[in-house]
Each structure stands twice: as structure tokens, then as C-alpha cells.
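Next up: a single chain in C-alpha cells, the form predicted on its own.
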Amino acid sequence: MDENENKLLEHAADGIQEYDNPLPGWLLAILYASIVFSVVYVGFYALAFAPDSYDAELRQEEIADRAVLQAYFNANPLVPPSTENLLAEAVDVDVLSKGAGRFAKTCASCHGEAAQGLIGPNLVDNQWLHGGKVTQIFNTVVKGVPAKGMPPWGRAIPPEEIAAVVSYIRSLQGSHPDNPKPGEGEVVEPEPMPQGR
């Protein structure tokens, strides 16, 4: 006699029967413990039963992280190229190609493939949240805007690539991509491009 014969369930589907093989006890214990843990976790943190000190600790850690980042930039200042250089590179085909490649890798996920704005703001109009002059854009890319989710790229991208990205962004100003995000911030007239563009 087959040892599993008495474990067959009574129901059948298209002549196929199922064995009654329960999960091992240790696996069921892990499952039930995970369910209990998730209910307690959600109740404690998501439903605001966490102590007030929890939010204070998070704020202190954020302030400490910003201080470390600022100390790094103070110790390793990244001076932006001159306005003239950034604008001159905004018409240089090789620089624009390098800037477009870096923009696609680093910036497009938030600002859109055509800089039309997605999560991040639109970069093709003349409204800017953190300054629209090319040197201000350079500093924004270097230091980021952590409060709004933009990471500081000054530690991750070589300075010449940051300059190329900024020149590329300047070259896009005034373009009209599909479905641009509405402008945000102050109106800043872009610096004039070099003659011969």
C-alpha cells in the first residue's frame, strides 16, 4: 500500500487529486511571526504611536548629515568655471555630447529626457527655484538640494562632467519639449549665448 494513499484529499479536478501535505511547523512559525511583527511595526510607526523622540532623532541625523556634507564641500571647494566658459561650451558639440550623455544617466530620471520636468523641475524655461545663471546651476548640481530629494553630485561626478551637464542644460533653455512641467520659482533671463550659435 502506498504511504501517501491515506493523505489524498477527497476532491478532484479533471481526474487529478491533491495530497494533503501541510507546511512544516518551523515554516508556519516564521510566517505567523512575520505577520505579528508587521502588524506591530505598522501600528507603532505608521499610525504615529512612535514616541516624539523618534522624529527628533531623525531630524538630528538629517542635520548631522548636512553638516558632514557641508564640511566636505568646505574642505574641497569646487569652484565653478567662469560664466564665459560655461556659455562657450554650450555651443561646443563635443561638450554637449558629453553633457547629454551624463544628463541621460544622472538627471533624466527626475528632470525628463528633454529636461521637461518630471519629479524634478522643468529646466527648459526661464523659471528657477535655486538660481538660473549658469554658475548658480553649477553650484546646485554640485551641492544638490537634499530637502527636495536632489542628491549632491559634486562628490560623484568629475567637475568637467558637471560643467558639461550645465552647458548642456543651458543649451536646452528655450526649447519646447512635449508636455513640459509648469514653471516654478523666480524668472531669470538666461545669459546670452556666444555669437555664432
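As the structure is a prediction and not an experimental result, all values here were calculated from the model. The term rigid core refers to the most C-alpha atoms you can superpose between the two forms while keeping them within 1.5 Å. For every residue, the number given is its place in the sequence shown, counted from 1.
Just so you know, the form predicted in complex with a small molecule exists too; it's not on screen, but the next bit is about it.
Enquirer: Out of 64, 29, 56, 129, which one falls within 4.5 Å of the small molecule in the predicted complex, going by heavy atoms?
Expert: Among 64, 29, 56, 129, a heavy atom within 4.5 Å of the small molecule in the predicted complex occurs only for 129.
Enquirer: Would residue 97 count as touching the small molecule in the predicted complex under a 4.5 Å heavy atom rule?
Expert: Contact check for residue 97: no, nothing within 4.5 Å of the small molecule in the predicted complex.
Enquirer: Using heavy atoms and a 4.5 Å limit, would one call residue 82 a contact residue for the small molecule in the predicted complex?
Expert: Output for residue 82 is no: heavy atoms all beyond 4.5 Å of the small molecule.
Enquirer: Please run the contact check for residue 163 against the small molecule in the predicted complex: heavy atoms, 4.5 angstroms, yes or no?
Expert: Heavy-atom contact with the small molecule at 4.5 Å: absent for residue 163.
Enquirer: Verify the contact flag for residue 76: yes if a non-hydrogen atom of it lies within 4.5 Å of a non-hydrogen atom of the small molecule in the predicted complex, no if not.
Expert: Answer no; every heavy atom of residue 76 is more than 4.5 Å from the small molecule in the predicted complex.
Enquirer: I have 124, 182 and 187 flagged as a candidate spot, so tell me whether each of them has a non-hydrogen atom within 4.5 Å of the small molecule in the predicted complex.
Expert: The answer is no; none of 124, 182 and 187 reaches the small molecule.
Enquirer: Superposing on the rigid core, do we see a C-alpha displacement of 2 Å or more at residue 66 between this form and the one not shown?
Expert: Comparing the forms between this form and the one not shown, which are aligned on their rigid core, residue 66 does shift its C-alpha by 2 Å or more.
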